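A single chain comes next, written as structure tokens; it is the form predicted on its own.
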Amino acid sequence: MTESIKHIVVVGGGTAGWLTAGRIAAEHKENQAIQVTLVESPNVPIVGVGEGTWPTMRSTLIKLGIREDDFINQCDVSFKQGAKFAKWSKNIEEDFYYHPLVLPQGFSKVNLVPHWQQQGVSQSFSDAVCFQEALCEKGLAPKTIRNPQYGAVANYAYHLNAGKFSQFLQKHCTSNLRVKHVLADVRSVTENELGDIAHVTTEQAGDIAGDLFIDCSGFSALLIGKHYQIPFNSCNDVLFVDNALAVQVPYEQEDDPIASHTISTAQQAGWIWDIGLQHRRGIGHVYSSAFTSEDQAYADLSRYIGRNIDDLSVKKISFDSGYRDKFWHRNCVAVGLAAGFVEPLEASSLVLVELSAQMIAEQLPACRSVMDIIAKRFNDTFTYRWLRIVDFLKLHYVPSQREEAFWQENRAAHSIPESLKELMHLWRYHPPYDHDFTSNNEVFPAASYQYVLYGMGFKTDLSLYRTNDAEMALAKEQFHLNKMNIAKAVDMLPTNRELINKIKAFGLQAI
């Protein structure tokens, strides 16, 4: 119980496995006693459709010691500055809003929501309070070639080729971070007298022992699910979509513009994502089988793309929304799809991988005797985060005015979590702000709730709202500063494709 934790075994590859293995190995690079081994089946294909990240990925890549221009050039990367939601409120062409990646102007000083609403909302909320909607609408990049690796004018994340990213991480982790890579199929799990996993037995490499096992085996959940039988908490009664049809669509012309944001377009029983990479778009229809047929989902996807998709390779993925009852049990931790999955709205699955890998790496138990304490902390933290993510994703549906059965059921009271009902009642009279979210483990800031709520047309009753002349003057100043920031940024920034071409030709300077 008091022997040091030395050997960490990651079961499963893909983005989750390699990010987790790399993050732990990088954190403990100077400790030669710690060995990270990743066991990956040579026969299981990677899901490989999670192509959007959060801005946190920049910090993760820095921690791993990866150059940004190498990442961009080798993983078909483009820049992402947020998400555009089309037809989510009303089924009309002019209906859209943005969830950008920058905070509202002066967010720490004043809540601009009531002052924007009192102006008559002639301008969209995100356009009035931040400069990023303007950049996205014009297809501009978040930086220039003069900004260093990971430097920014506007906060940004990435769109990437998930398959190439896994290969890129594998090469980096094995070449630079001493991660041992074993290609083998796990056939059985053996426990010690404490009930911990002593070793996994593989078909090609025999027994692989470890002190801590991390389950990154995807939906199969070999360790946390099949072996330990940790229950799965379904969220299908809250989040209705359960299937996705994913396809890769090449650009018509080599120099076609690359969107600076994820585009999410509502459909009769779900929504379609559209992600622009360097040489193609990743497009997928996420839908509920309870409200539409597979044939209709194909037809909706084909109509969106504007061509027959029979000659394209369409990947169908079925899933249950939900998460494990606990994620760390004995000496086994689940990360990625083994821990849970919800619809790929807001790229929440990948950020949970990053956050999980970070916490494991930074709080790696010194010995088995303290592991259960850290496990409890980990379980409490990620249960809270999953609950908040479910609430936030549901928020995208509740204010909708669409009349299809899928959308009506989404705003039915019985399908809305009590925690979200309570907040939405509060927001009828109090605009959301930082004081509504006091945990250190929040995933989405109050600003994200503002962008979605008021983008969807939500109105707060301000008849009882208290303000003063100083606050009104400060708000007016922030609106003016935002207009200046828009003009300045639009004038100086290249397009997404222009910047990527320059990076491929010249690279980026060091930080």
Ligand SMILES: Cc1cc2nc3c(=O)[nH]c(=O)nc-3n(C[C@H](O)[C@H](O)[C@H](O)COP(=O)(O)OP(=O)(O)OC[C@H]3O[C@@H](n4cnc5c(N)ncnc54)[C@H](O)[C@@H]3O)c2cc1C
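Numbering starts at 1 and follows the sequence shown. Small disclaimer: the values here were computed from a predicted structure and weren't measured.
One more form of this protein should be noted, the form predicted together with this ligand, which is absent from this view; the next part is about it.
- For the three marked residues, V121, G455 and Q478, no heavy atom of any sits within 4.5 Å of this ligand in the predicted complex.
- Although the partner is absent here, F125 sits far enough away that none of its heavy atoms falls within 4.5 Å of this ligand in the predicted complex.
- Among heavy atoms of T15, some come within 4.5 Å of this ligand in the predicted complex.
- With a 4.5 Å cutoff on heavy atoms, V11 counts as touching this ligand in the predicted complex.
- D185 belongs to the set of residues with a heavy atom inside 4.5 Å of this ligand in the predicted complex.
- Comparing 113-121, 345-353, 134-142, 393-401 against this ligand in the predicted complex, the single stretch with non-hydrogen atoms within 4.5 angstroms of it is 345-353.
- When this ligand is considered in the predicted complex, only one residue from V44, I62, I486, M472 comes within 4.5 Å through any heavy atom, namely V44.
- A heavy atom within 4.5 Å of this ligand in the predicted complex is found for one listed residue only; from A405, A205, L312, I317, this is I317.
- Along 198-221, these residues reach a heavy atom to within 4.5 Å of this ligand in the predicted complex: C216, S217, G218, F219, S220.
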